[in-house]
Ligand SMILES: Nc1ncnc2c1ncn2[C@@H]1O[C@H](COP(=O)(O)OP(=O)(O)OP(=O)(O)O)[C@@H](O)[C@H]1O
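Presented below, as structure tokens, is a lone chain in the form predicted alone.
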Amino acid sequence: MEFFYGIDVVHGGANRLPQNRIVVGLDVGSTKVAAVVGEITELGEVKITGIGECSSNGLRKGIIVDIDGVARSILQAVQSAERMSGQKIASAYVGVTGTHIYSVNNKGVVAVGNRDGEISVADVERAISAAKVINLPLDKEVLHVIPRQYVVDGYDGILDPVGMVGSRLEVEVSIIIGASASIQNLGKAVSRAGLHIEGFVLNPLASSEAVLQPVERDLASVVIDIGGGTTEISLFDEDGLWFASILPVGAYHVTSDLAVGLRIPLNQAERIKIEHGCVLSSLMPEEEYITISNVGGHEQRKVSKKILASIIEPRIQEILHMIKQEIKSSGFKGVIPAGVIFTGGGCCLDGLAELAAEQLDMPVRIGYPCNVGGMIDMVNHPRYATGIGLIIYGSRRMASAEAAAVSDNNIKGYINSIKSWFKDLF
């Protein structure tokens, strides 16, 4: 477990600087595995230099059911990313998802240690350690401990208390918890693919790094990432994670509904969903048709786009209803002025934003990856939000590690200069 001051406490990875300032994000999903390669410039900007993607094997609703199958998919995606970027990939930040993930809000309180009352980094670490003390089932482990705000002598809303003067320091945190077995199985699959894990990162946390604008971070907002087998929900308030949840339903269920309803193969249903999918049957004219092949491909027939939408719409309404219930059960009492940002490969159905705005009664937009450069045309799609977010997340950790290294060097230099002064004096 590590503490990166000002970011969060994250499970996994050693505090070391990636070589050549290259950061890799590995998004291991139920339907696809994507490896995204980014280069961090001297100015701290993220440039995308490569991407590799392949179909996912061995996962179901974010849970690994075949470690070797997942490892093969990871290896294939990584090799593709290596060819495009021209970089040898040895390590990656790995996204974690699955219905075993949940969040808990907690507080920690400590007395300030210094006699003069000045709050130090050590005081902050002690407060966070106190907040981490919760009753944890034996089969669960902490994935992240994310500070939301600090309170000094009753004054709240403080984002950085170090250097302030007070006698009592309190911290409010969001603790992300997951099943130990699921996280370990994911780690084994990544290791079998020959990669070192820089850190496990909650998928919704990564996605938010890629799609949220600064004003949306300051105001309350919700990021919804619709993947193949899961729908990931994260609620942010005042630039801090308030709540996270993962639903066991996603875009694959829409594909399955089309395959059953139209009596066609899954691969054809997936293609039809991507090319012609719409969530509002009222928007589709009855006189527009597409041609489909029956199972076996021996017979073709025409189906109106309105019928397609009438199959898709109930499933999307169900997902939106589940999202609304999850937000309600989060315990968040305030309004959400920034609204909902949808991302992920399953959010690109026509009419989704309009239907979601009506069902959730909030502003809605589709979130595309932002704040990155390089090969942006290759990744300018919501399906890559998690992979790009993992790189942005990694770049923040890199900056923190470099700042800590500079600080250590300055301290060592100061001590050496004092030693040299004493030698000259005596």
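Numbers for residues come from their place in the sequence shown, where the first is 1. This structure is a prediction, so every number in the text was calculated from the model and none was measured.
There is also a form predicted together with the named molecule; it is not shown, and the following applies to it.
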Would you confirm whether the three residues G227, G346 and L349 all fall within 4.5 Å of the named molecule in the model of the complex, going by non-hydrogen atoms?
yes
Stretch in contact, per heavy atom within 4.5 angstroms of the named molecule in the model of the complex, of 44-52, 64-72, 377-385, 391-399
377-385
Note which of E326, E270, D218, E313 lies within 4.5 Å of the named molecule in the model of the complex, where distance is taken over heavy atoms; exactly one does.
E270
Assert contact residue (the named molecule, in the model of the complex, non-hydrogen atom within 4.5 Å, options V260, A111, V162, I274) equals I274
Heavy atom of G29 within 4.5 Å of the named molecule in the model of the complex:
yes
Heavy atom of A77 within 4.5 Å of the named molecule in the model of the complex
no
Do Y252 and the named molecule share at least one heavy atom pair within 4.5 Å in the model of the complex?
yes
